[in-house]
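Quick setup: one chain, the form predicted alone, written in structure tokens, and binding and motion questions come after.
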């Protein structure tokens, strides 16, 4: 069974993320979306909320070979534990490449048997990221075309209580 890991903060998961997840799900037998626990970041949603939203998005997209889990620590250690052969990374623009390339090389040094696979989302999502979605929602904009329905509702609820 070929397993891939798609790591990220997913704060929140967007349609761009979901596009990458769906592409990976076609290429691999199993995809584990890994919600990063990163003490250096202050996400809008808790780890459990982000996991719930990723799971809802995957269910809505009908991707039965995709699961979601939280992880902290070194990504390649998590990948080894899951017996993954690949790490999925999304590239929206050339500006993403330099950072992602450095990370891929470090991961290759740490775990030579795990390959990084770069996937590009559909061009209609190349401008999209979680920060933009949070800002549009915070300013009262409509995000229904940018995120799955469960995420749009969660953003509305979260911002109502701030």
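Residue numbers count along the first chain shown, from 1. Nothing here was measured: the structure is a model prediction, and the numbers come from that model.
Only in words, not in the display: the form predicted together with a small molecule, which the text now covers.
J.: So, a 4.5 angstroms cut-off on heavy atom distances: do all three of 7, 125 and 128 pass it with respect to the small molecule in the predicted bound form?
T.: The answer is yes; 7, 125 and 128 each reach the small molecule.
J.: Counting only heavy atoms and a 4.5 Å cutoff, which of 24-32, 61-69, 94-102, 107-115 contacts the small molecule in the predicted bound form?
T.: Of the stretches listed, the one contacting the partner is 94-102.
J.: Evaluate residue 148 for contact with the small molecule in the predicted bound form, applying a 4.5 angstroms cut-off between non-hydrogen atoms, and reply yes or no.
T.: No - in the predicted bound form, heavy atoms of residue 148 and the small molecule never come within 4.5 Å of each other.
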